[in-house]
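As a starting point, one isolated chain is supplied in structure tokens, in the form predicted on its own.
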Amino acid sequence: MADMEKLLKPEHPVGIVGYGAYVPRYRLPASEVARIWTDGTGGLPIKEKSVPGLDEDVVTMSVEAARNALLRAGIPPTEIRAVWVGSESHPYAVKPTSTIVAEAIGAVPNTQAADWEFACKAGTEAMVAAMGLVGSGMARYAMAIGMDTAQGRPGDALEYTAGAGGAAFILGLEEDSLAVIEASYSYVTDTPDFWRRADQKYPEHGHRFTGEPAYFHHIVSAAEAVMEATGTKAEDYQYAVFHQPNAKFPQRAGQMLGFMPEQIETGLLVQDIGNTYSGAAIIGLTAILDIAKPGDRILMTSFGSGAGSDSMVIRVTERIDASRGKAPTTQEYITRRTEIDYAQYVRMRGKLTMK
């Protein structure tokens, strides 16, 4: 378990100055996947998932989320001293996503830029680094993004759940923040539950490692540690959000930690948009911030295969009210939907290739 010395707390308190989400319009019902691969038999892990359009990728979606974050923050983009994009589906293997995003939002040239990877926790990984940059005094503002596109081998279980979307956060000092990050703790081990080698198109599962030794061990260990170190319990939080590869895992993790279903439901978006990988936990956080009240406390815990979790204790401030109505809410993106069939999905995701 963590003590106070193991918490990742910057010298100067840091929080979220602005945030923004983005979810593509297109939706593939899980029943469509079942129709193709199981003749419509068997259970469905979610209702539907989001799918990027032909002209969308991690770059374009990150730009949209970043612009929404800037609208809520109300700061010039030139004051952002870092633009960091976490993803496991960057469009280029060598060229960075972050420089394109920084250019598009007007943050160049006086900024630091880098792409981050850690499976599904690349977004919170970038947030922790941004906390350090701002908290050390090296920057007044830093942007962290977690964004991914739908991935999954045809016929694989991931075809049901691998969605697209994510969120962007601008980190700044406590006095500028609409939500203060009171504490952060990270827990990692080498647990090979999920991976994709270089030049491999689709990820692989380490099936027996996926649940107990990977997801649940890391989520619960990180969350318990940060709550113990901060002297908090489940009942001290109005909301909790966990990485959501499916609907059952985060609900069970919440129960293991003592949370009630009503504390989890606001951030549990996987039924409607699928698992957004690097954006899964943080897009849930944006949905919570859209309705949270000053004084509310939120526990957010991510999970990345390979494996690790970042857990944060977040307290909403009075500045949250001033951010309302400046950018689309996460729920508005979820409600905005165009249903597609499996053939359209195959075309959009480039799954049909000719040699």
Partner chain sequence: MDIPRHWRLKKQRYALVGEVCGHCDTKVFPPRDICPACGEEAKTLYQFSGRGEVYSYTTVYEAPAGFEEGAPYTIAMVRLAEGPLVTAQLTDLEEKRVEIGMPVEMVTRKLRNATDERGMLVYGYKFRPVVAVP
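Positions refer to the first chain, counted from 1. All values derive from a computational prediction rather than experimental measurement.
This protein has a second form, the form predicted in complex with its partner chain, left out of what is shown; the following refers to that one.
Think of it this way: in the model of the complex, its partner chain has a heavy atom of just one of 137, 76, 91, 261 within 4.5 Å, and the residue is 91.
By the criterion of a heavy atom within 4.5 Å, residue 332 is counted among the residues contacting its partner chain in the model of the complex.
Mapping the unseen interface onto this chain, residue 291 falls outside it, with no heavy atom inside 4.5 Å of its partner chain in the model of the complex. At a distance threshold of 4.5 angstroms between non-hydrogen atoms, residue 39 is out of contact with its partner chain in the model of the complex.
At a distance threshold of 4.5 angstroms between non-hydrogen atoms, residue 103 is in contact with its partner chain in the model of the complex. Proximity to its partner chain in the model of the complex, taken as heavy atoms within 4.5 Å, picks out 48-56 from the listed stretches 291-299, 29-37, 307-315, 48-56.
Shown here without its partner chain, the chain has 22, 25, 26 in 9-46 lying with a heavy atom within 4.5 Å of that partner in the model of the complex.
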